[in-house]
Structure formats: C-alpha cells, structure tokens
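Just one chain is shown here, as structure tokens, and it is the form predicted on its own.
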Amino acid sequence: MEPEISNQSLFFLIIFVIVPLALSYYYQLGVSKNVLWSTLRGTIQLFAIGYILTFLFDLPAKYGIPFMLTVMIIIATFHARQKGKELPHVGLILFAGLVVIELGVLGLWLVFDMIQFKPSEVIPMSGMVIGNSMTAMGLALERMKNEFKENNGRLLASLSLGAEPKQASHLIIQRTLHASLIPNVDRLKTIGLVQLPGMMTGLILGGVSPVMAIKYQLVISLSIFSSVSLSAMFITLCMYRYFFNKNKQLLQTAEEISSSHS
C-alpha cells in the first residue's frame, strides 16, 4: 500500500508558514508578502507538475522523456541566464552546456543499466541533474563577475606586463571553480550522517528497502557531483574570454562587454 497524506493533513502545513510570517511581522522584516506569495506559488507549481508528470508517465517514453527534458533545460537556461545576461551568447552557451551534460549523464545511466528508459525514472533523476547544474552555472557566472570586478587592478597590471588573457585570468578561474565545488564536496562528506538525502528518504517512504534506496542515492549524488563540476568548469572556461576584447584589453563595464562582442 502506497503511503498517503490526506488533504486535511496538508492543510495543517499552514502552521509551518505562520512561523516565518509571525517572525517577519514581529521584527518588521518586510517579507510577509514574499513568504505568502512564494508559498502559494510553490504549492501551485508542485500540484501542477504532479498532474503533468502523471500525464507524461502514461505517454510512450520516446515522446514524454524528450519533451519534458527539453522543457526543463529551457527553463533552467532562462533562470541561469539572469546571473550573466549582460554577457554575449550566454543563453546559447548555457543551453548547449546543459544539453551536453544531461545527455552524457543519461547515457551513462542507460549504458550501465543504472535506470530504465522510463519517464518515471528518467524525468525525476534528470530533473535533479539539470537543476543542480543550473544552480552551479548561475553561481559560477555571478562569482566570476565579482572576481573580475574585485581584481580589476591586478588584471590590468598583468596585461600591461604582457600576460595573455588566459594567464591573467587564471586565479579568477581557479577561485570561481573552487567556490562552485566546495558546497558539493561538503555535502558529500556529510551525506547520510547529518541528514538523509531527499531521494533516499522518498524511496524509503515509498516502501523501497534502505539498501536499494542507498544505491539509487549514490547514483544520483555522484552524478550530481560530476555534472555540477563540469557545469561550473564549462561555463567559466567559455565565458571568461568575453571580459576581454579582440585586442586582449580588459572590459570593465557591462556596456563595454556588450558592445565589444556585438
């Protein structure tokens, strides 16, 4: 028998919303509307995706899987692009990176018989890979922009001494990749100790044996770790060059970057 949460039980989740609302009101944080809107929007989105997935799971895999993966990658591209929308071709590069990484991970899953090519398996697991890759790319873009801004003087000095853009940017690339990887390294260190991962918890609640749940969790955790690493590396190595013009001069404002590569 599948575990089930009644609608009445779901209604009492409002208690978990009242707590941050009360704190916001008491300390005059001014986020009450955001809390309410985020809660309402999140609830609607989850129920909507639940009905959509129910529909997709009933479709043949060759139709449902490509359709949903395409939608997820397009949405992920749009959100990650917000972190570096002033950079030329960032949307196209993000989209290409997400497609390559998702297809690579999915291919390995199927080749080594880790999952079956069924919507109920491919879509949820691919969603976790795409979502985490999107976050990694967005954080890498944001961190890289901040690094170029903070190290403006050092970059100009390096270029004036004859360094190539790649040489001058080496430390920035290193710091960006380091900042992108550290959270995932820390998460792997404490997996199963501080908290049970979401996928493992869901499988156990669904009646799967803990050992089998652990195997699936290892598959997704290591896949996410690899995809996040590749995502951060891909977007950083592709985009750092747009901070320089064709004459290997540093571009210091968004307007200069946009006009130089238009």
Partner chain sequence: MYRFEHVYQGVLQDINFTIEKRDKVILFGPSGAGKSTLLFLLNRLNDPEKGEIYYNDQPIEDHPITQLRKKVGLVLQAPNLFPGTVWDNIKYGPSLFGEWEDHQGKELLEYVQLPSDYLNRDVEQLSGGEKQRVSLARTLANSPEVLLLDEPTSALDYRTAEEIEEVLENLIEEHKLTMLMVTHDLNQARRLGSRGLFLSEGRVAEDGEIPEMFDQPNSKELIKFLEQ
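Source: prediction; values computed, not measured. Numbering follows the first chain given and starts at 1.
What comes next is about the form predicted together with the partner chain, which is not displayed.
Proximity of D186 to the partner chain in the predicted complex falls outside the 4.5 Å heavy atom cutoff. For the chain shown alone, E164 is a contact residue for the partner chain in the predicted complex, at least one non-hydrogen atom being within 4.5 angstroms.
Heavy atoms of R241 never reach within 4.5 Å of the partner chain in the predicted complex, leaving it off the interface.
The shortest heavy atom separation between S160 and the partner chain in the predicted complex is within 4.5 Å. With the partner chain left out of view, the stretch that reaches within 4.5 Å of it through heavy atoms in the predicted complex is, among 90 to 98, 67 to 75, 164 to 172, 138 to 146, 164 to 172. Between the options I182, L103, L156, L110, the residue in contact with the partner chain in the predicted complex by a heavy atom within 4.5 angstroms is L156. Counting a residue when any of its non-hydrogen atoms is within 4.5 Å of the partner chain in the predicted complex, the hits in 238 to 255 run N247, K248, Q249.
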